[in-house]
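A lone chain, given as structure tokens: the form predicted on its own.
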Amino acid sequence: MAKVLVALDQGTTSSRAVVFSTEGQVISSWAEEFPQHYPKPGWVEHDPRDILDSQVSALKEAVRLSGVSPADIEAIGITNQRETTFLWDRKTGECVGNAIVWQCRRTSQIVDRLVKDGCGDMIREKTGLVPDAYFSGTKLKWLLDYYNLHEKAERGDLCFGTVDSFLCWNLLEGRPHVTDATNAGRTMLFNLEKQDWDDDLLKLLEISKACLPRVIDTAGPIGLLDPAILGRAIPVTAMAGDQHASLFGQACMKVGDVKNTYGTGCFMLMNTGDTPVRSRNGLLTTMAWRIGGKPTYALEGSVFMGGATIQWLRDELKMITHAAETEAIAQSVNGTGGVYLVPAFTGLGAPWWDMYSRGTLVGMTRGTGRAHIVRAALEAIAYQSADLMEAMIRDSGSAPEHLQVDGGASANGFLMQFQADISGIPVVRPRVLETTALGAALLAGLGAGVYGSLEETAAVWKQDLEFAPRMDEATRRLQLDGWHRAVERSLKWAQA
């Protein structure tokens, strides 16, 4: 049988594995959900064993369903939810407590102190990030402080890692303690220009370099999969944070190319080439990828509550049974009747960056019904993404020709059409919506020599549908103004 590539796509609510042909076609996939833990308001955790067990199970099942032999797997790539923080014992492998998820706000006060002490500009200059509880650095500090582990970390007896590091350490022979440049760039500890951990930031957060992983390229040999998992020591040749893998899978290789991923959150990235562009509009300067030691940079904006807003409708409000229902429900009414939902359940990301904003539902009347609220939830995803696009246009000085989209919610035709309408540019959806996993597979293929260049990987991308804007400019401005008024109501709500 022809050789295949496998992507491990470890996400916030599920672990997935996808088997691809080298032409980029999905042969099989399998996903396993795992529990979310909310020990206190604003806190979000994962049990590390759930992460590991679900990912191994998904890999085995995806390979079984594909019908391919492990001998046919050319390489494996890992992509992952970013910023989620693990700390484990180097000798036993046992984790210190649960993993602290990227959505968790427990370190907001640590961030407040950093900003109050005048460290915000230094952090932005060195890392390209806005000081926020979102990133891994303050989560690691919290673990070291809470469990009184600073001395143990200094002795090198502990390993810090994001999901990519944790999976590599547990799944590969020899337990390599590594992370790639895209994941390192999301810790608030990584110097973008030096491409290494920053001593000043480590000192500021009282973190010993001895517990940090080695930073490697996004594509290239990493190690071999433990043969006990699939019966063969398969090369693992790529690691990338999920949004960077998606940018790669969308073939956004040119400066100015933009993609938006609709997952648990929404993440918009613009390729800025070999130059890190400093944002003046609340966006992040981040890695796109690092290949052959050469960094490529991106601008990024994050929406914390994308698909998670639809999960909220399903799990907490019981308004829907399945996410797929929302398209027909939204189309059953002509509009929201003036209702806006601001899903700031864990604060707001770019361009607002308000850790203390909270969810707000405004504009309701006696005639407001279920369909209006469901539609408002979908529209909220598009409004937040439109805010990111506007910030990117201001920072880059030019509007993209179109917005490339992927992720689960991009299958929702209503949402994609509303995104095109409210953003004012065409929205392009690819044939393969699993572009995060596809990007990891293509990077693995590049790292293993299956593809000889970036151009060869880009040729794999194929268009499915294009959604052209249909809303007139006056209506678009009116609806955006209403959205921004609603956002203002949600700001600083939970501030002490």
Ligand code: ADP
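In case it trips you up, residue 1 is the first one in the sequence shown, and so on. Note that the rigid core is defined as the largest set of C-alphas that superpose within 1.5 Å between two forms. Given the structure is predicted, the values throughout are model-derived calculations rather than measurements.
What comes next is about the form predicted in complex with this ligand, which does not appear here.
S.K.: Considering this ligand in the model of the complex, find the one stretch among 156-164, 174-182, 308-316, 73-81 with heavy atoms no farther than 4.5 Å from it.
M.R.: Selected stretch: 308-316.
S.K.: Is Ser208 close enough to this ligand in the model of the complex to count, meaning some heavy atom within 4.5 Å?
M.R.: Because no heavy atom of Ser208 falls inside 4.5 Å of this ligand in the model of the complex, the answer is no.
S.K.: With the partner left out here, check for me: in the model of the complex, does some heavy atom of Thr326 sit within 4.5 Å of this ligand?
M.R.: Output for Thr326 is yes: heavy atoms within 4.5 Å of this ligand.
S.K.: Is Ala298 close enough to this ligand in the model of the complex to count, meaning some heavy atom within 4.5 Å?
M.R.: Because no heavy atom of Ala298 falls inside 4.5 Å of this ligand in the model of the complex, the answer is no.
S.K.: Determine whether any heavy atom of Gly407 comes within 4.5 Å of a heavy atom of this ligand in the model of the complex, and answer yes or no.
M.R.: Yes.
S.K.: Tell me, out of Phe190, Phe86, Tyr262, Tyr383, which residue has a non-hydrogen atom within 4.5 angstroms of this ligand in the model of the complex.
M.R.: Spelling it out, the residue with a heavy atom inside the cut-off is Tyr262.
S.K.: Tell me, which of Leu201, Cys168, Ile234, Leu378 has a heavy atom within 4.5 angstroms of this ligand in the model of the complex?
M.R.: Contact check passes for Leu378.
S.K.: After superposition on the rigid core, does the Cα atom of Asp217 shift by at least 2 Å between this form and the one not shown?
M.R.: False for Asp217: its C-alpha shift is below 2 Å.
S.K.: On a rigid core superposition, would Thr107 pass a 2 Å threshold for CA movement between this form and the one not shown?
M.R.: The answer is no, as the C-alpha of Thr107 shifts between this form and the one not shown by less than 2 Å after core alignment.
S.K.: After fitting the rigid core, is the C-alpha of Ala323 off by 2 Å or more between this form and the one not shown?
M.R.: Where the cores coincide, Ala323 still shows a C-alpha shift between this form and the one not shown that is 2 Å or more.
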